[in-house]
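We begin with a single chain expressed as structure tokens, specifically the form predicted on its own.
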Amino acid sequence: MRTLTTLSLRELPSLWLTTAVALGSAVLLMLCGPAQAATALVVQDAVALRAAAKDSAPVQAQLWRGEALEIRGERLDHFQVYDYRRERGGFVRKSQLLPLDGAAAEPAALLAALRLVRQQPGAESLGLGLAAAYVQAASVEQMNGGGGAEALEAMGQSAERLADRASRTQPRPDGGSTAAEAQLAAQLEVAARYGVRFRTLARDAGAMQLCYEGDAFRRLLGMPAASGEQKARAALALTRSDCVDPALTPPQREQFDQWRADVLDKVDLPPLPTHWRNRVLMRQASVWSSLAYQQARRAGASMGASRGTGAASNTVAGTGANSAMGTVSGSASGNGASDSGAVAARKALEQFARIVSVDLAEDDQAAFNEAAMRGNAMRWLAMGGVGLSDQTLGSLRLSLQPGQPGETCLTLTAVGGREALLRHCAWGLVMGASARINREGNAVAIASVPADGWRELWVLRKSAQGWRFSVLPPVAAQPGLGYAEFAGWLPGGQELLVAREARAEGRYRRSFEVVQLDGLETKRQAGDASMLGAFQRWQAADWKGATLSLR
């Protein structure tokens, strides 16, 4: 077996290629042959490859951290090296290279160096080089053991951090490039030389996001020697919501969400420390909520596709003055796909309920909020709320019927009447079971989910000109992630209580509001429901018992 120190640099430009082969087969890369020149990794950025062994010599090329060179000799304070990628030789100061020979090329030494480098911001490409060197030098037993799992995790984390750095880079207003941008671009090229692949995703406002393709993490999940925390970190990296391609078609997105759910299910939760278990549970809640939306949409659960498959009687018990005049009666229908959506929504809520909030780390708050918003957006589906197609609300009859493919049409009529008081058609899931009418009978609130993780509140309001339809979004911004949900009616038929939470256009906000029915203007609001007297007196009991906004 040859270690990296004995490899020819003619082989090193394809170092990662051979490493990938080793990773793919989970066996040691066995290299045989006579010893040849030593190799070295560049340990600094913007290192000059000079034409002679002195600092005043002309620069032949700039080298970046993690690049591999062949050492052909030394002169004074310089190594004479050859760069096979550029097909160019020259001299580099010894202090800027890490020669991989002798004890430094042993797997234990490489792993120790990798542990120092893997957490250093800006050193990701060097981490990839060290990890590749370890894979190439390690034995079969070492690769299949804890050292191999650690090296794979370091590869994945280095690649992920490099992609995150690239995604956060903001262009200069004058279009020029900075030294940091040049460094980042060069390190991405180094990573590409080791076979690390990235996906480029188009985001809003023309911004691009880079995401690691995840090969090292996928292999880590299949290693028996990997610890529970390593597998949890790998699963979380593979299932990031911000790395879901927005261009996926609905069937592709459903398939991808199912794959993400399967990946997370592979993590053994009980042995994990509480904070890592929380992180997996939060991600599971988010993924199962998205999967529930995709499955419900596919099933045509917004009434249309499910109508005609058979209706069943359904009664929702009212709760006090905020209920729909005591009881709400209607009919429910469903099919297998919508049932699977309901099962997925229930699983999302179950996983959210298992989160130990007192053990949440400060860094986990954003993920916790995301899980709550996605789960709250779909909670009516978990309660079988999408199947209702026809129901009576006091003296009114609310009907949800299919319109164009994928469209749901709401029709409001008086009980016993034939002429529609109001008709409105829209895309998305309409949660019929969420419909609530106030005691005065002049307003109806109903939940609608037009997009994954985005729940709006429809308000039907009786005015002097007849019934009017209005939409209250989670926030006045481009749809992102959030909900606006009915929380109760105030006596008098002029106001309602609303809970809103959203993350859109880079901002997060959660509020509890008293909203005027006319114009849906917010009259009073607070960040905590207990700070509003109206919430203390008039909040709906069924909302208080089921919402995730009071977490």
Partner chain sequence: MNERTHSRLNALRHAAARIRALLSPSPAATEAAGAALRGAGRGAVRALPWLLGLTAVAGAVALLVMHPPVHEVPRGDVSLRSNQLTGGVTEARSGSLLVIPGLHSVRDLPLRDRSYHPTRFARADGEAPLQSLEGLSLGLDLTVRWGVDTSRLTQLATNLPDDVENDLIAPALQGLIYRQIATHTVREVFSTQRGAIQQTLETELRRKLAADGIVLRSVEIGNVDLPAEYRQGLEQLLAEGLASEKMRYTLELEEKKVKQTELTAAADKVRRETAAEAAAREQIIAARGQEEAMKHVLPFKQRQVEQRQLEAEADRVSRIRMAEGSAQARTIEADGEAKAREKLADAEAYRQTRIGKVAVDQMAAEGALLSRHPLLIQKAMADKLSDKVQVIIAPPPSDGGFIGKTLLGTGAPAAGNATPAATATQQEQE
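Numbering follows the first chain given and starts at 1. Here the structure is a predicted model, which is why all the values come from computation and not from measurement.
Quick note: we don't show the form predicted in complex with its partner chain, though the next part is all about it.
Chemist: Would you mind picking out the stretch of 213 to 221, 371 to 379, 244 to 252, 155 to 163 that comes within 4.5 angstroms of its partner chain in the predicted bound form, counting non-hydrogen atoms?
Modeler: In short, 244 to 252.
Chemist: Quick one: of Val475, Ile71, Ala443, Leu188, which gets a non-hydrogen atom within 4.5 angstroms of its partner chain in the predicted bound form?
Modeler: It is Val475.
Chemist: Looking at Arg298, Lys94, Arg346, Arg86, which is the one with a non-hydrogen atom within 4.5 Å of its partner chain in the predicted bound form?
Modeler: Contact check passes for Arg298.
Chemist: How about Trp427 - does it come within 4.5 Å of its partner chain in the predicted bound form, if we only consider non-hydrogen atoms?
Modeler: Answer yes; at least one heavy atom of Trp427 falls within 4.5 Å of its partner chain in the predicted bound form.
Chemist: For Asp55, is any heavy atom within 4.5 Å of its partner chain in the predicted bound form, or not?
Modeler: Although its partner chain is absent here, Asp55 would stay clear of it in the predicted bound form, with no heavy atoms inside 4.5 Å.
Chemist: Look up in the predicted bound form whether Gln404 has a non-hydrogen atom within 4.5 angstroms of its partner chain, and give yes or no.
Modeler: It does: once its partner chain is placed as it appears in the predicted bound form, Gln404 has a heavy atom within 4.5 Å of it.
Chemist: State yes or no: in the predicted bound form, is some non-hydrogen atom of Ala451 no more than 4.5 angstroms from a non-hydrogen atom of its partner chain?
Modeler: Yes, contact at 4.5 Å.
Chemist: Contact check in the predicted bound form: Cys409, Leu421 and Gly466 versus its partner chain, with a cutoff of 4.5 Å between any heavy atoms. Do all three pass?
Modeler: Negative, none of the three is within 4.5 Å.
Chemist: At a 4.5 angstroms cut-off on non-hydrogen atoms, which residues of 509 to 534 are near its partner chain in the predicted bound form? List them in order.
Modeler: Result: Gly519, Leu520, Glu521.
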